[in-house]
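Given as structure tokens, the chain that follows is alone and in the form predicted alone.
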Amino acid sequence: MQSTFDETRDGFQAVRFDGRVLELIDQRRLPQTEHWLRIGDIDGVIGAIADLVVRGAPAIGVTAAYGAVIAAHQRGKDLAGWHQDMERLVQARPTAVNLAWAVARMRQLVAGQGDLDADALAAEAGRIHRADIEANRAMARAGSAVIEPGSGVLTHCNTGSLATGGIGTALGVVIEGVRAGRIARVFADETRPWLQGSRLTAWELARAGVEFQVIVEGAAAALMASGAVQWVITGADRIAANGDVANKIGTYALAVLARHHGVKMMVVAPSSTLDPAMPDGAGIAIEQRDPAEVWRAAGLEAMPAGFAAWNPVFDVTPAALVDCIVTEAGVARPPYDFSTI
């Protein structure tokens, strides 16, 4: 089930599968500890997705595909039970369309066969994983070619190998751009409340030998005003047919700041993140997480008595604020139309 992975250009594999057991690096414990979890049941897969052991839309999709294989081994001939598992799997993270897309691929295979064939499902999951690796390579090449030599870039959340099957989406563009000599300065937004930028992106950039600086989110405007960055480059968890982008909370704010300061905005995501059935961003369900996460990120065990928080995981950036959207098919520019893909 191993994909055609090349560490010299693809980073590292954060999702591994041996046909029966799924191995995931626990992203909650990075960068302090590189701890791998071995998961052999569908409840464990669902929990890992919901609890952010694995995160990033493409990586969630790959994980879900392998989860479908694990569920088939557990269910045997119980097709109805397997479909129930797939429903629970889709609900683990409802905003990331790659999750539903991967499960739909596995369901389509089962529907065509009429029964559960774990080996056939494992082969399909492997194809999904390998396709993501190739898509990452194509996006890295296409996105980096757009960037003017000597540019500075700011990225948000984590979009590298931890979030995908390969080198990454937005971070893949950044790493390829540095290797090609097109990107001269890299800034990673800390990304509250889980600090995916200062924990995960920083860890990946250091691992790749890329020089970078982390900024607190409140410093983004000042950074842009300084002239140090020419591009904001982010990933996406869902892209509507009109080009509206759902991504990690804070992306919308960066897009607004970028437009004000004359900084360009690039979104990088595989075609599996496109949702042609979603006309615009207004219909995208935004996941709300436990308000206590806001205080746990500050080192407190729980939310203090009498306190409250609004804790959406994503926001929607209007297509009008996005200068280009990069998929494995190439670079799209406004006006966007992803109604047919």
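For the two forms, the rigid core is made up of the largest set of C-alpha atoms that agree within 1.5 Å on superposition. In this text, all values refer to a predicted model and were calculated from it rather than measured experimentally. Numbering starts at 1 and follows the sequence shown.
One more form of this protein, predicted in complex with another copy of the chain, exists but is not displayed; see below.
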Heavy atom within 4.5 Å of another copy of the chain in the predicted complex - the one residue of 178, 133, 142, 223 that qualifies: 223
Distance check, residue 206 to another copy of the chain in the predicted complex, heavy atom within 4.5 Å: yes
Residue 81: touches another copy of the chain in the predicted complex, heavy atom cutoff 4.5 angstroms: no
is_contact(residue 250, another copy of the chain) in the predicted complex, heavy atom dist at most 4.5 Å: yes
4.5 Å heavy atom contact, residue 195 to another copy of the chain in the predicted complex: yes
Interface stretch in the predicted complex with another copy of the chain - options 25 to 33, 63 to 71, 50 to 58, 273 to 281, non-hydrogen atom within 4.5 Å: 25 to 33
Contact set, 275 to 296 vs another copy of the chain in the predicted complex - heavy atom within 4.5 angstroms: 294, 295
Rigid core fit then residue 302 CA moved by 2 Å or more between the shown form and the other one: yes
